[in-house]
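Taken one at a time, structure 1 and structure 2 that follow are two forms of one protein chain, written as structure tokens.
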Structure 1
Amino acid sequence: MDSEALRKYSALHPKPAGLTLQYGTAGFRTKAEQLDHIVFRMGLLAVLRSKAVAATIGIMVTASHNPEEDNGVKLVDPLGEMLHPSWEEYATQLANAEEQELQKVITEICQKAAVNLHKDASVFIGRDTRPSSKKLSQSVIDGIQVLGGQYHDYGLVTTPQLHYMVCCQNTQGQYGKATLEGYYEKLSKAFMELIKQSHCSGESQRHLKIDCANGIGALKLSEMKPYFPQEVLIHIYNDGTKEKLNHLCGADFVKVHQKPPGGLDMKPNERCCSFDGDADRIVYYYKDTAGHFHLIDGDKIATLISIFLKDLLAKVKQDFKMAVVQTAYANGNSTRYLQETLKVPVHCVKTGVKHLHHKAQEFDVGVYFEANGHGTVLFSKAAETKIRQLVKEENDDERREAAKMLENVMNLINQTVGDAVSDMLVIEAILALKGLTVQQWDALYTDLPNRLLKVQVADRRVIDTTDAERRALTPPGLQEKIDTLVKKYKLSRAFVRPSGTEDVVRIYAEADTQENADALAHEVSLAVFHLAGGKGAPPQPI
């Protein structure tokens, strides 16, 4: 390690006094002007991680669905997955180290993680369309070069595209080609092969309106358009030419406010969807003839995909274990429908993509989606090998056809991470193959009315939870109070959990009517305020 170069470059990316940040599920995220030293140091860390695992590591500069003035950075592990938890701690240590301690912290990380500094290192870099992203990705490059790493800068890409590139590189091209053309070709080919197997004509021209949150998704979808078959007519809105990123639009806005985004004109029963700022989340929606807005979120996306896959798995007659993984935020009626009607096992895990991804890996076919629209499908190595074998060797027409469909789904879905473009194509293919309208999809089950609230507290750590965050262990008496309140309403449940990033407690409640869900959420928020050290004025009724 060149101590002099480290000192010199670190001085060019100074750490603001008193700023401490924690690496979480989303990596680091804050106001863009506070991130320069962080991204420089994540360049350093990516080189160390690459040397430790002898593989290419990814770095994405994005703040996803946050406002345009924010930014962030996260690392991507060798198979396109999120950074290993033990390295999250190293990231936090390195980010918060004082200038004069930087070399010492790097040396400690090398010792703990058995990093051989003489090994080669390779890093892939991507960034979103924020005004601050280009300069910040240059700071990443500074960090990589200080420790002698090699890098490939992909420039403007969606977050899932960078995850895809890293996986392709580290599987020596088995997963695909580590280029944007490779990504477009693989997805479009699988999509065309899938819809070719459609026996119903359905709508010959399938129109879809897409709100791209004024983000990177618009740019990449425009590049991908020539690869699509003529049956698919996508119409891009909020393409970033007029308005600010994520401002009154995007998947997060639509999900939270339960209303259509600005900048998209909806006619009755038109199929529409929204991406978030870095295109790793998607939600669908439409307006009925009475003008009512209908949201089709991650739960309904998981349900549609599960129906399709369960049917195909039954046809190939293999003993594959399939399951759906949800968090406590999943609507109660989605869980009921999956378990009772579809007879698909459902597992609940803590909030955060890494928990869902990890659990989904335990099954031959693991479907996971957060209610916010972030999710994908994972196929085990054994299931993948068997399906590809059936396509080549199966003599029974129906079984071979079903195996071929499964193979195309495997090629179409981005198994590294939730991917709005890939998920959209999977959904569009299923709707075409099943001959379903957006209204029929929506009518699979009716969401229970629900309400999300948050309460400011002096210290969020007073709340400790268990049972995948569905029950509170502390403070004493809180869970008993929630249990009592829940008994007052039909089909009701409620839970509380501390925010991962700020001193607030998040409250979720659902019940048979919106009025009851709102009343329950309010009563639970009062209990949190009084028992968990609420700040400011007590919560007011909704």
Structure 2
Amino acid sequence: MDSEALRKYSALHPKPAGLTLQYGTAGFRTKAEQLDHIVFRMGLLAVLRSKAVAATIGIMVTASHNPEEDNGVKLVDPLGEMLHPSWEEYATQLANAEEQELQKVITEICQKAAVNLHKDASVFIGRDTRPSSKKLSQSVIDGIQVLGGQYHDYGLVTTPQLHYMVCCQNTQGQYGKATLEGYYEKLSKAFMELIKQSHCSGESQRHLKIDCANGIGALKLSEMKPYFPQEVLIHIYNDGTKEKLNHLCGADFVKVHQKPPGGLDMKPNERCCSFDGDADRIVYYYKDTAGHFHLIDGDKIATLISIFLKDLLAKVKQDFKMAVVQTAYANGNSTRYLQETLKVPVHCVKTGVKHLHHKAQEFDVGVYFEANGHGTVLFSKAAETKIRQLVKEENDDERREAAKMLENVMNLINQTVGDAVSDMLVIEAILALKGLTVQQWDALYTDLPNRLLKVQVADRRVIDTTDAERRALTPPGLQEKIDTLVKKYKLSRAFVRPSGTEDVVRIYAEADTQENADALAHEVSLAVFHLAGGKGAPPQPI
């Protein structure tokens, strides 16, 4: 380690005195002006991680659905997964080290994680369209270079594109070519092969309106357009040329407010969808002839994909284990539908993609989605091998055809992480293959009315949870109070947890009517306010 260079460069990326940040659910996330030292140091950490695992590591500069003024950074592990939890702690230590301690902390990490500094290191970098992202990714490069790492800067890419690149690189191209062209070619080829298998005579032209949250999704979809078949007509809205990133639009806005985004004119029964700011989430929606808005969230996406896959798995007649992984935010009726009607096992894990991804890896076919629209499907190595073999060798036409469809889905879905573009193509293909309209899809089950609220408290760590965050252990009395409140309503459920990305406590409630869901959410938020050290004025009724 060149101590002199480290000192010199870290002085160029000084840590504001007293600032401490934590590597949370989605890496570091805060106001962009507080992040320069963090991204520089994450450049350092990426080099250490790369040396430790002898593979290429990714760094993405983005704050996803958060306001344009924010930014963030997260590391991507060799197969495109989120950074291993054991390293999140190193990330936090390095981020919060005072300038003069930096070298000591690096040495400590090297000792604890058995990093050999003489090994090579390689890092892939990507960034979103935020005005601050370019400069921050320059600081990442400074960090990488100080520790002698090699890097490739992909510039503007969606978060899932960067995950894809890292996986391609570390599988020596087995997962695909580590270029944007490779990504577009892989996805569009799989999509075309898949819809070719459609025997439906339904509409031949497929229109889809896409709200790109004024973010990177618009740029990348435009680049990809020439690769799409002619029948697919995508119309891009909120492309970032006029309005601010994520402002009154995007997947998070639509999900949280349960209303359409600004900037997209929606005619009755038109199929529309929204990406988030870094294009790793997607939700669908439409307006009926009476003008009512219908949201089709991550739970319903998981359901559609599960129906499709379950049917194919039955046709290939293999004993593949399939399951759906959700979080506590999944709508109660989605869980009921999956378990009782579709008869697919459902597992609930803690919020955050890494938890869902990890659980889904336990199955041959693991479908995971957060209600907010982040999700994908994972296929085990054994299932993948078997499916590819059936495509080549199976004599039975129906079985071979089903295996071929599964193979195409495997190629189309981004198995490294939730990917709005890839998910959208999977969904469009399934709707085409099944001849389903957006209304028919929506009608699979009816969402229980629900409400998501947040409350500010002095220290959100006073809330500790258990049972995949569905019950609060502390502060004393809170869970008992929630239990009492829940009993007042029908089909009701409520839980609270500290957010991993914002300084708030989140409250979720569902019940038989919207009024009851709103009332329950409000009452629970008051309980949090009073028992967990609420800040400012008490929450007002909705």
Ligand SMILES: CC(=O)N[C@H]1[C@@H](OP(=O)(O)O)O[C@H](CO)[C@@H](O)[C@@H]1O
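Just so we're clear, the structure is a prediction, and the values are computed from it rather than from any experiment. In this text, the rigid core denotes the largest set of C-alpha atoms whose superposition between the two forms falls within 1.5 Å. Residue positions are counted from 1 along structure 1's sequence.
- Note that the form predicted on its own is the one shown as structure 1, not structure 2.
- When two forms of a protein are overlaid on their rigid core, residues whose CA moves 2 Å or more are considered shifted, and residue 48 is not one of them between the two structures.
- Relative to the superposed core, residue 9 undergoes a C-alpha shift smaller than 2 Å between the two structures.
- Once you line up the core between the two structures, the Cα of residue 526 ends up 2 Å or more from where it was.
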